[in-house]
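Below, in structure tokens: the form predicted alone, a single chain.
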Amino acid sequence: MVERAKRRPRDPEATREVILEAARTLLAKDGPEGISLSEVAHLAGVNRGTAYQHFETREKLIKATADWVSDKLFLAVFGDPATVGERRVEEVDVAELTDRLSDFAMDNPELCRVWLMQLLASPDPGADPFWREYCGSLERFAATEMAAPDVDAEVLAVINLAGAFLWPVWARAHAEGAPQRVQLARRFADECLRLSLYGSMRPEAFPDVAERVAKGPRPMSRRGRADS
């Protein structure tokens, strides 16, 4: 059973945030068909009228929640949206980006499930900011000399994201605690890099990634983080 939040002070932005938090929890649990504004309001600890003031309809709430999740994904993986356009694809740290995606997915499985469900149901996936940047970055990469020939960026994006967001389901079912989940996140990131290095990348263009892959899995520190 999902625990109801305590009543929050009258801060419109804080209230909107707690409503979205409740909506993403219920979306991850029951999907879009199992969500209602009344149930979201109850879980958020606000009255139904307040929820309707922020989101007039159930459909608008679901759309706003998906956008909210997409924004969090974008910030975690790519950083500040205002600076993304300034980055050349040749200068992107592929290993760091892969680590950020894997770590965020492991730490936020509900958020990622909500985003993936909404993307799959969307008639226009390209309207989603995170998908547009993730798939677009692979398309830009595929057009460089660093990429192997004939990379299908859209298929590669779906494979990468589906794997990144489903792996935590496996990890959380089999890991005994947070340190093991961190280790499993790193295993996933390392294997993605290995597959990319000998699939979509030209290995000679990514010596740092080749060196990391050659070393194999990194030992874990006492705090559960992979050592450099």
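From 1 onward, residues are counted along the sequence shown. Take the two forms, superpose them, and find the largest set of C-alpha atoms that agree within 1.5 Å; that set is the rigid core. Keep in mind it's a predicted model, so treat the numbers as computed, not measured.
The protein also exists as the form predicted together with another copy of the chain; that form is not presented, and the subsequent description refers to it.
Q.
Is it true that V155, R187 and A205, all three, sit within 4.5 Å of another copy of the chain in the predicted bound form, judged by heavy atoms?
A. Affirmative, all three are within 4.5 Å.
Q | Residue among A143, A127, L75, L120 with a heavy atom within 4.5 Å of another copy of the chain in the predicted bound form | A | Result of the distance check: L120.
(Q) Only one of L37, L43, A64, L195 gets a heavy atom within 4.5 Å of another copy of the chain in the predicted bound form. Which one? (A) Looking at the other structure, the residue within range turns out to be L195.
Q) Should A178 be counted as a contact of another copy of the chain in the predicted bound form, where contact means heavy atoms within 4.5 Å? A) Output for A178 is no: heavy atoms all beyond 4.5 Å of another copy of the chain.
Q) Is there a non-hydrogen atom of G49 within 4.5 angstroms of a non-hydrogen atom of another copy of the chain in the predicted bound form? A) Contact check for G49: no, nothing within 4.5 Å of another copy of the chain in the predicted bound form.
Q) W131: heavy atom within 4.5 Å of another copy of the chain in the predicted bound form? A) Yes.
**Q.** another copy of the chain contact in the predicted bound form: V84, any heavy atom under 4.5 Å
**A.** Close contact is absent here: in the predicted bound form, V84 is far from another copy of the chain, nothing within 4.5 Å, heavy atoms only.
Q: Determine the residues of 29-46 with a heavy atom within 4.5 Å of another copy of the chain in the predicted bound form and present them in sequence order; the list may be empty.
A: Heavy-atom contacts to another copy of the chain in the predicted bound form: only E33.
Q | CA of I62, rigid core aligned, shift of 2 Å or more between the shown form and the other one | A | Shift at I62: 2 Å or more after core fit.
Q: Superpose the two forms on their rigid core, then report whether the C-alpha of I35 is displaced by 2 angstroms or more between the shown form and the other one.
A: True for I35: a C-alpha shift of 2 Å or more.
Q) Quick one: E204 and C192 C-alpha atoms, closer or farther in the predicted bound form compared with this form (3 angstroms or more)? A) Here the pair is closer than in the predicted bound form; there, farther apart.
Q. Where do G31 and A175 end up in the predicted bound form, Cα atoms closer or farther than shown, with a change of 3 Å or more?
A. Nearer in the predicted bound form, by 3 Å or more.
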